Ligand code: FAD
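Listed next as structure tokens is one chain, alone, in the form predicted alone.
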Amino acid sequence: MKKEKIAIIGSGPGGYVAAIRASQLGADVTVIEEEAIGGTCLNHGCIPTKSLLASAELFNSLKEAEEFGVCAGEIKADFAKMMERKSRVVDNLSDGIKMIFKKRGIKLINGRGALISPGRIRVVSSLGVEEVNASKILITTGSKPTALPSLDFKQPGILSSKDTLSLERLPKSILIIGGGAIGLEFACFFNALGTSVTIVEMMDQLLPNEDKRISRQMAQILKKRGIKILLKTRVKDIVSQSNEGVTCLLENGDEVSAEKLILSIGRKPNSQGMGLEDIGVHIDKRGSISVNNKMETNVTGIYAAGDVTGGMLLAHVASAEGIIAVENALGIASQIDYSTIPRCVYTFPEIASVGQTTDEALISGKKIKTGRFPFSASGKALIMDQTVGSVHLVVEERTDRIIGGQIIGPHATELIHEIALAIRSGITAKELSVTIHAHPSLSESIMEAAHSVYKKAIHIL
């Protein structure tokens, strides 16, 4: 039986996961990648940033070692070695993907792909031009950082997230434009190492898409650490810039200066120059490829997944969408459920949320009840000396089902999945509250938050 041919343009978390799944289903798979395998997530995003954050978190822990009765001596941060370790982690994971590709017979072509027709792709590389033919094509080219008219990544001292991960020395001061997840993660990393950090955010809160209560608490935490936060503030222009520093003029007339400026105001789809418009693939004004819930475009045989579709710009969403796309391409009816996707911010402390916030539930017309449990009342959090934060549950009053959850605190990005599973499975707050959790554990706090919905939490007044 002849194998179905699938070509995938882009090898990020959407593309490489889709390629492996298509191979598992028996397809003949070719992946076209212009840069490094793994895309932004592996090379310039999720993995390297979290590697650096892990180094900074360990550094913080060692500075507090005496609180645990451990005398570690003088603690120093070696920025260069942190960057080297980050690169090793990236290389190890990259090699792992290549090994899987080789074992599964997935062909990898290094070059830039553009569509000639619905079944044909032209690939331009250092070796020349070649053509790839496939009955089904999946586009997973991701996204790239957004710039501003007055702030361009080619200007001295102005960095994208990718540029920041290639710094050779630790800056004395950093100005971060944008108070979203990327901006706050960089803020936590550089602040931990002693860099002076200023965040400028145009909205009235950090993490504009997150729960207001968590946003306010995070702002207070960062301010206590000496991070300067300017909300409802825009950069009007650049006063001066050089390799030694950048000075910005704000709309209120103030000036703010730093050795380096990180621009993290969002990302835009990588959909240009691929011949999509020429063959009739619909792209909206933002450059996002339009797809249905099966990840199909309006052109038969062409699919798209991940950031390039303009949805939730999360690596795990791209991977899930990539799987959905190739399953549908190979005749397996498959759809994605966006209602239980965790959103995680790897700050100190971590932030994670899933489902609806209190405000979102009320706006949607639901009558709700809520439960909350602070980590300051958790035995395990006290043992770890990480008592800042809390678990918050949003429960539909009529059904008692959990419809949302937010966590700020230790290991929030791991704990959130219990709440995600609860929402997906239709579990009630009562059912969660009577599910016995190990003691002492951080996950007890989720059980206690469920108890608090009925004013029956054991360890709080």
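Just so we're clear, the structure is a prediction, and the values are computed from it rather than from any experiment. Position 1 is the first residue in the sequence shown; the rest follow in order.
The same protein has a further form, the form predicted together with this ligand, not shown here; the description that follows concerns it.
Proximity to this ligand in the model of the complex, taken as heavy atoms within 4.5 Å, picks out 37-45 from the listed stretches 60-68, 427-435, 403-411, 37-45. Of the heavy atoms in residue 315, some are within 4.5 Å of this ligand in the model of the complex.
Contact annotation: residue 213 falls outside 4.5 Å of this ligand in the model of the complex, judged by heavy atom distances. Residue 120 falls outside the set of residues with a heavy atom inside 4.5 Å of this ligand in the model of the complex. Interface residue remark: residue 11 is counted as part of the site for this ligand in the model of the complex, having a heavy atom within 4.5 Å.
Of the residues 32, 395, 416, 422, just one reaches this ligand in the model of the complex with a heavy atom at 4.5 Å or closer; this is 32. Comment: this ligand is not present in this chain, but in the model of the complex one of 378, 356, 143, 347 has a heavy atom within 4.5 Å of it, namely 143.
The partner is not shown here, but in the model of the complex the stretch 267-285 reaches within 4.5 angstroms of this ligand through a heavy atom at 267, 270, 274.
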